[in-house]
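For reference, the chain that follows is the form predicted on its own, supplied as structure tokens.
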């Protein structure tokens, strides 16, 4: 695709999704600036492009640093966040300083620096445990965790800055993103990254709950594609889009698939469900298809195989 901009800032750009966005922007000929405090991001994710980007180690709570990093940028991809639901449950105030106030500072920086557009990474967590499936953007949010409340607050800030200040904002509600570079080292990491590492190491994973809970897993390169479309497409500003696949897989079946890929038959260990976890998640992506032109390129099995090959090499 051909982007409509040439200078971009990625907050959280040393992270899993952000580093993949940096790759894609460079491939489009863009000048890329990354701002990351490296609390969860890794410089190793950017090692292969370090000479082609401008990197700033800094925090989105630092307004001066944000303004410096955003100088001359046309688009900000805002991914910096405390992304662990359990961590926000344990530390709601600390996480709010990043996810609420930090996000507000990003929008304020865009306003003051006359940045044309901000693409905000939101989450399907805002839907909560509403039993209606699939999840549609017009549904009333029912957040179950501080993380979900904080992402919903970011969406409200995006709408405000669009309506009140004329900053073009687009919010993307990611469903369950997976792929190479996702950090499996924390118990709060994405389930696929943890399962991949366990399978590659021939170890048994924990499954929280009974394993019949389901997720709409979307490959990271499809999420990158959605971000570039959100930054470029006209008449999408001020809107919210689900970014998923429209297909759900149970956690128990996910482990079985990964075990098959690994050539093993290891039984998982079951633990009580975690507070704030969602039972079922499935995206309706009709709006993203119609207005963004978004269509996932990666079937689940193809994405899993690509991801497992990466984790096998990393194990």
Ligand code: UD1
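Take the two forms, superpose them, and find the largest set of C-alpha atoms that agree within 1.5 Å; that set is the rigid core. Residue numbers count along the first chain shown, from 1. Only a predicted model underlies this, so the values are computations on that prediction, with no experimental measurement involved.
Heads up, the form predicted together with this ligand isn't pictured, but that's what we're talking about next.
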Honest question, do 152, 171 and 285 all end up within 4.5 Å of this ligand in the model of the complex by heavy atom distance? no
Residue (of 278, 53, 248, 262) lying close to this ligand in the model of the complex, criterion heavy atoms within 4.5 Å: 278
Position in contact with this ligand when the complex is considered in the model of the complex, options 167, 228, 124, 75, heavy atoms within 4.5 Å: 124
Tell me the stretch among 230-238, 206-214, 159-167, 108-116 that has any heavy atom within 4.5 angstroms of this ligand in the model of the complex. 206-214
Quick one: does residue 143 come within 4.5 Å of this ligand in the model of the complex, counting heavy atoms only? no
Should residue 85 be classed as touching this ligand in the model of the complex when contacts are defined as heavy atoms within 4.5 Å? yes
In the model of the complex, residue 289 touching this ligand (heavy atom, 4.5 Å): no
Is there any non-hydrogen atom of residue 104 lying within 4.5 Å of this ligand in the model of the complex? no
Using the arrangement in the model of the complex, list in sequence order the residues of 128-148 with any heavy atom within 4.5 angstroms of this ligand. 147
Does the C-alpha of residue 129 move 2 Å or more between the shown form and the other one once the rigid core is lined up? no
Rigid core fit then residue 163 CA moved by 2 Å or more between the shown form and the other one: no
Taking the rigid core as reference, does the Cα of residue 205 move 2 Å or more between the shown form and the other one? yes
